[in-house]
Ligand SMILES: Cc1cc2nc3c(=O)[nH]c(=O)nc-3n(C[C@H](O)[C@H](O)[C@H](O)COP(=O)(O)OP(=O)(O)OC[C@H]3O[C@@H](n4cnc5c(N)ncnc54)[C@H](O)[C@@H]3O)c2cc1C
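Let's start with one chain on its own, the form predicted on its own, as structure tokens.
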């Protein structure tokens, strides 16, 4: 029997990017919040001992607390058996602050057209441009509605950038709170190469401090940034910004190492709280007037599907059968290039230092006759540590031995790359459900990912690969080869979307524009799982802006929403 605790106004499941922002907004409004986080609470002292070996995304040190023990399974379609995915799973971490502690700090606002992908595509190219089996939909809100919340996020956490430097960006009320991170040698080469092809490069915005801000020091450009926690508190995670402020109100009770196993509901379809296993291994019940589910895509869908009741026999908020549907995963393409005789020194800074371009993103180029829609942000970044760089070798070079060592000695510091983050579409055949056979250490089913490219993604990645090969030669490479090859889906990804789609119609979506579930109106779901479309950009700042908008709505309507 679970021990029942005193009722809270709001309980948040997952104190990461979204949950951290929500906690800040609600506690500033005087609302008592319990924050349950499956991982531990770490701080800068835990990030002092860096190990280059863990710089690879597959060796996710932050995942050891939970997600590495429940890796989703994959199959290419609903008629296939589960199999080894074409790319090893790229997982997110579990800790107070979540992925914002260890991510690469790319901090993008989506553009206005990203919120109306379907309608703008049909208007320009006709209905036939949308693949027949795609469930692509416009967002139920606009960029203009979200812009004030983007602004609030940037000034709360601290984002470095240069407003007006990207000619394709949508209008903003004011500039970033800090200037961009310093330029770097390879970035200067990339900028000249992009300009030589008629592109429009600009400094990538980054959630990392280019100067002292909010009583935190500027980045030291130590190189240990993407996939690491920041020893200097210069990375703008919610751990050191939103959560810190929320706790300062005395209204946030952070409970680390607490694993939620079910969201509870009554016979009216209202959620009443959560059941969780605490840091002592004891089962607890936390009643609440509102439950905010702000874990990652896979865990959000899993918890909903596991939380069955007489009212929700197929999972919480899933009487419409929409939970798990409309799943998307970012596609990637990259090109490496050899720059003989040049010391690029890519280990000398952060992944937040990057030169980006939007010329091939969204609908900024004519897609007529190309066989696909949308595109990718393209960038050249710093922050590739030595072990990672040692894996970036040209075709024909042995993987080990004396010839390998000679090549690394002569060329290891002379390999650069360009990278494209390709926008995928949702399809009827791509979805998430519970694996009928595979379980985690608690005996709970893991998520099963059914996912594959459509023709759109196949053609888009192939097209962008040719553009990247052309670009890196313009930057000065004498030899080029694929880094991340085209036509290769990443089924289990750190950039995953969908599963609890946002929309106005309860028959085709799970939550409304304020992230409240249609079928369980005091359940709020935050994160990339609510995205109707993905964009070519990284999702974090949009997740945070949506969390602020939604939490603000909740704070102003708590008496109407809570039970």
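Positions refer to the first chain, counted from 1. Keep in mind that this is a model prediction, so the values were computed, not measured.
The discussion below concerns the form predicted together with this ligand, not included here.
task: Flag residue 93 as yes or no: does it have a non-hydrogen atom within 4.5 angstroms of any non-hydrogen atom of this ligand in the predicted bound form?
output: Within the cut-off, so yes.
message: Please tell me whether any heavy atom belonging to residue 551 falls inside 4.5 Å of a heavy atom of this ligand, as the geometry stands in the predicted bound form.
response: No, no contact at 4.5 Å.
query: According to a 4.5 angstroms non-hydrogen atom cut-off, is residue 522 in contact with this ligand in the predicted bound form?
result: Output for residue 522 is no: heavy atoms all beyond 4.5 Å of this ligand.
field: in the predicted bound form, residue 102 touching this ligand (heavy atom, 4.5 Å)
entry: Answer yes; at least one heavy atom of residue 102 falls within 4.5 Å of this ligand in the predicted bound form.
task: Let me know the one among 533, 36, 31, 42 whose heavy atoms come within 4.5 Å of this ligand in the predicted bound form, would you?
output: Of the candidates 533, 36, 31, 42, 36 is the one lying within 4.5 Å of this ligand in the predicted bound form.
query: in the predicted bound form, which of the listed residues (372, 227, 74, 139) lies with a heavy atom within 4.5 Å of this ligand?
result: Contact check passes for 227.
task: Would you mind picking out the stretch of 158-166, 102-110, 308-316, 121-129 that comes within 4.5 angstroms of this ligand in the predicted bound form, counting non-hydrogen atoms?
output: Stretch 102-110 is the one.
- prompt: For the stretch 254-268, which residues lie within 4.5 Å of this ligand in the predicted bound form by non-hydrogen atom distance?
  reply: Heavy-atom contacts to this ligand in the predicted bound form: 258, 259, 260.
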